[in-house]
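Just the one chain here, laid out as structure tokens, in the form predicted on its own.
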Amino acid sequence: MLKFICRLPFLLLFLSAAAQSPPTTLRLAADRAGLLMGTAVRPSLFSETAYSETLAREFNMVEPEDAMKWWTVRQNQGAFDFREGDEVVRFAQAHGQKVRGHCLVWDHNNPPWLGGGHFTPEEMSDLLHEHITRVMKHYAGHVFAWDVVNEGLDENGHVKDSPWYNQPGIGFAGQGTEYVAQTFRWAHEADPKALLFYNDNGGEELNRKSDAIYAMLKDLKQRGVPIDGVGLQMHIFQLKIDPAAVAANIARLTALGLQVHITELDIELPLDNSQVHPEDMGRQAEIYRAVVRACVQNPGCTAIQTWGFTDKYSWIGSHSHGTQGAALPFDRLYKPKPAYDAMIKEITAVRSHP
């Protein structure tokens, strides 16, 4: 007993040091910081061991890239197919992860029958109302937050032409963002417990588009439309970002009483014969660090999500015809890159709980 008592201070010191040791994964850093660290996923890749093991180890939140979009869920007008989305939910449940839903209303990735159906606004309204209701009720209790409307504004901050606004729309053509308000009302009716987000790109800094997004969200809040947050996609091109402007934009959005999620973060690098310049890898890491800092310094920024996590399956390569790539925290062999370490260090430094 005496030997144990003598050793007790050393044991307590060891346990204290272990508790304060730097986290070794993104997920552990995020858990300690009270932050959601997520990534977009493809259920077809869950059978790849390196993919599924990295996903489970590093992230506490997942979002399907395509598995809950119209063209997957509703390939035929009269039937809903939830199989791929259900795979995402099962994976998340098996690994203690939250599921973020994406997306219910978008002008892209709609099935051919919808665009070529020559529907009236009344019919489009019924179709969209039915879609939001069926999808959200199916996933109620399993999906904690939804991107209700995705990319509703163009780069100048004007309402986009779309099947839901004016081609032919759902009955609010020419009424600005009123169709957006209606979709949020339907979404809240379908699942009152889910957090509802507006998600867009190009509005992360202070510019014409972010001003328009801010004005729209402020108006929706003032009119009592049930909206809980805004997603800032954060696809970063040409290694250009103004972190101070991002932080200022997050501050004004959270001041409206909205949560902010970074939803589709990736930072493309120029490729030279498929190779990355080492100095660009360092610059990429610093930008990842700066974006993480802009979020975690504001308590209203509650989630950071990358659009995929391994360069092996990033959309950047095909989108840029091979001129850009290496945009994510893990390389094609699932090896962590400098960006990975930078993110962990920034989360730990700025928002860590004992």
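These numbers come from a predicted model, not from an experiment. The first residue of the sequence shown is number 1, and the count goes up from there.
There is also a form predicted in complex with a small molecule; it is not shown, and the following applies to it.
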So in the predicted complex, is the small molecule close enough to Q233 to count as touching (4.5 Å, heavy atoms)? yes
Does D66 reach the small molecule in the predicted complex, with heavy atoms at most 4.5 Å apart? yes
Just checking whether H102 would be counted as a contact of the small molecule in the predicted complex - the rule being heavy atoms within 4.5 angstroms. yes
Does any part of Y179 reach within 4.5 Å of the small molecule in the predicted complex? Heavy atoms only, please. no
So which of T120, Q238, N156, N109 gets a non-hydrogen atom within 4.5 Å of the small molecule in the predicted complex? N109
Among T183, S125, Q97, N150, which has any heavy atom within 4.5 Å of the small molecule in the predicted complex? N150
Determine which one of 66-74, 48-56, 293-301, 30-38 lies within 4.5 Å of the small molecule in the predicted complex, judging by heavy atom distances; exactly one does. 66-74
